[in-house]
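One chain comes next, on its own, written as structure tokens: the form predicted alone.
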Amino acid sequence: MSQQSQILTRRLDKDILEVFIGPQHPGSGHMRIILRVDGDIIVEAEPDIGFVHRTMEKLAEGREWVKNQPLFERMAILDAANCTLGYIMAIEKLLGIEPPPRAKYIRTILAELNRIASHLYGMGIFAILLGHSTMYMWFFGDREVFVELAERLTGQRLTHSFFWPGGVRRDLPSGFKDELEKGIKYFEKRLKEYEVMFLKNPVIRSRLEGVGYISRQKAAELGIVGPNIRASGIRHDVRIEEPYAAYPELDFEVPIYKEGDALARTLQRVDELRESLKILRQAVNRIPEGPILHERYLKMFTKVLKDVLETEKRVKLAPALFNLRPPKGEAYARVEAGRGEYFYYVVSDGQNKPYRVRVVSPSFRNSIVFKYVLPGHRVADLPAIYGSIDYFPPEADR
């Protein structure tokens, strides 16, 4: 046994060996899984999270309300819209305002662009963990289509900081509808190619089918969320259970699978990609005319942007825009992000900074899965199970 392997393993008794997987970067962030193995069979597993903890909730208490949006985006920059929309919605509850209809549709469009980009990121990592480098490049290449559309809409590739209490910062740009339809048609063809290259690949299916099984009952007991719980037969989706943005006015399905294995979780995400395309097409075709901001902020924004355009200086919003002071109170909001439900709870003491912000992320909820799903599998199954769960350490650790 080499010196390096001695650091990574520890013999507990005659038959059981303790193996430390991590805390290196296994594909999507720093984390560690502590395994106890008998030969190459996993006997026990302990997810050891917290290696990228950034004290976001505490930091939020020292920043103005709106300036926390760029902070919370860092939980999952590939899904920045979904992981910050709940925070903005909670602020709107405190203020007692709602965004106008057009703003709700624009929010939905960006949220679904991010959902697709998030799924493709996770599936790209999944593919490389399985040794399928071609699909890794395909998933990441196709993700660029939707990243670029989000950039066209917001001005930023990843961390958009696009939402504002009462609406959004920008309207749809000229020609965006046609660009979006072009991207949707391209991706509909690519989904068919995914089936041949990846989903029906006998080697891939042999790695996934019957592996990492999570029963419906266990999924409910553990409180996991997102595609992982839906792949175990539970139709839990905040967009349906507590509708927000434009989702109540759009027609889409919440796919579920009952098998609960790694293959079901993979097929689940692909089906969700199809549904996101349906949502995008409806939203861009049905979007109503009207303002993109609540009247409380529309005049203020218009004046600032007009001054910037006239002077051709770097955009700096007027200090008044950041002097947001919600009345004393508390509020919560839930949204369905790419990996599942985000829950925000905020408390205001009437100042221009939050008194308290609490956020529960989907990866944090899903991290417990490793403890219960890995035992009984071979060590070689760990990459397939890890990738199928789409666990993102920065999102869990916050």
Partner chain sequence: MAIVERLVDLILWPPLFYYIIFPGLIFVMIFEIFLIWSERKIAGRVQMRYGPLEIAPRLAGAPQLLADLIRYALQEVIIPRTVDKLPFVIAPIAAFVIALMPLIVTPFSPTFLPVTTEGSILIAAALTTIPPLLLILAGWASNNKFSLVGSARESFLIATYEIIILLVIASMSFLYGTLDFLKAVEVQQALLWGILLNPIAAITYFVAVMMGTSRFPFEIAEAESEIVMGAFTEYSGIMFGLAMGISYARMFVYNIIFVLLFLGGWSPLGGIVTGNYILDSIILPGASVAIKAVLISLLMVFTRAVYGRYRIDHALKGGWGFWFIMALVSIGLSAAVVYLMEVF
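Numbering follows the first chain given and starts at 1. Please read all numbers here as calculations on a predicted model, not as lab measurements.
One more form of this protein should be noted, the form predicted in complex with its partner chain, which is absent from this view; the next part is about it.
Listed stretches are 268-276, 190-198, 72-80, 284-292; the contact stretch with its partner chain in the predicted bound form is 190-198, by a heavy atom cutoff of 4.5 Å. This chain is drawn without its partner chain; in the predicted bound form, the residue among 103, 214, 130, 280 with a heavy atom within 4.5 Å of it is 130.
A heavy atom within 4.5 Å of its partner chain in the predicted bound form is found for one listed residue only; from 176, 244, 297, 138, this is 138. Among residues of the shown chain, residue 23 is not one whose heavy atoms approach its partner chain to within 4.5 Å in the predicted bound form. For residue 383, a non-hydrogen atom is located within 4.5 Å of its partner chain in the predicted bound form, even though that partner is not displayed. Not displayed here, its partner chain is approached by residue 207 to within 4.5 Å at the level of heavy atoms in the predicted bound form.
Remark: residue 142 counts among the residues lining its partner chain in the predicted bound form, judged by a heavy atom distance of 4.5 Å or less.
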